[in-house]
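The chain below stands alone and is given as structure tokens, in the form predicted on its own.
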Amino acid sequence: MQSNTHLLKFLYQAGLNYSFLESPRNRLTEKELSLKEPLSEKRSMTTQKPSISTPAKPLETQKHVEHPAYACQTLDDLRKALDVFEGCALKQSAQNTVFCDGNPQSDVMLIGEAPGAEEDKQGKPFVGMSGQLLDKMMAAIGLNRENVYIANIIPWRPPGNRPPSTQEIAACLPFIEQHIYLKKPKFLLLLGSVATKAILNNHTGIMKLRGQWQTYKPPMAHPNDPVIQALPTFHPAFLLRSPGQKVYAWEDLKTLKAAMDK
């Protein structure tokens, strides 16, 4: 057996890659032949252009065409597309699809991370303890659920309220992107790190980004569509765990209120 192993190693080093070839390949000879190829032939191979009659679509365009969310023309269409979507396993363990709450005509859209246990039970975003705090935060600047619109990055509850994975966010992101495009708010209030990173594609920490206006355009927006002003702030669930940060969230809310009053 050992002699056979040595023989195979020798044959491999000699250029024999396939046992069914009649003779070993001489790679040195192949290299010499390649060096002797006319330069004009090499250039013709490298400069050959694809036919202009069948241009390839950009990857971004292909993605937008292929995902069912981008074909939706109304919020009702988007909700129906979520009902039949099977691209995220979270749907299998959730009780309800948590789509939205509030006033679709509002200029302000709030986007959170994902439903919790109470949200999953009722099918509405921000109805648990963090939702109660959010209502108080909105009331402090004269807003309520009748004049704001609320949604989440993920419409299904992750088991145990764990953070959604990168794959889960990627699977659901087209839906919230199209949600924003169809809703057409003037202002986005991004609640927490997950919503901020997903929407803005920005991995700067929420501690640095909060309170600073950003601009956002959904993927399907027309070039002439106005940009949407997006303001990152802390998630109410984080504020429940870290009440000392509420003072900064209050500053962010005043920033939003000032922009709305202009």
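Each residue number is its position in the shown sequence, starting from 1. The model shown is predicted, which means the values in this text are computed figures rather than measured ones.
Quick note: we don't show the form predicted in complex with ligand URA, though the next part is all about it.
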(message) For the three residues G116, F126 and H235, which mark the spot I'm curious about, does each lie within 4.5 Å of ligand URA in the predicted bound form through at least one heavy atom?
(response) yes
(request) Would you point out which of 135-143, 165-173, 117-125, 81-89 contains residues with a non-hydrogen atom within 4.5 Å of ligand URA in the predicted bound form? (result) 117-125
(message) Can you tell me if G112 lies within 4.5 angstroms of ligand URA in the predicted bound form, counting non-hydrogen atoms only?
(response) yes
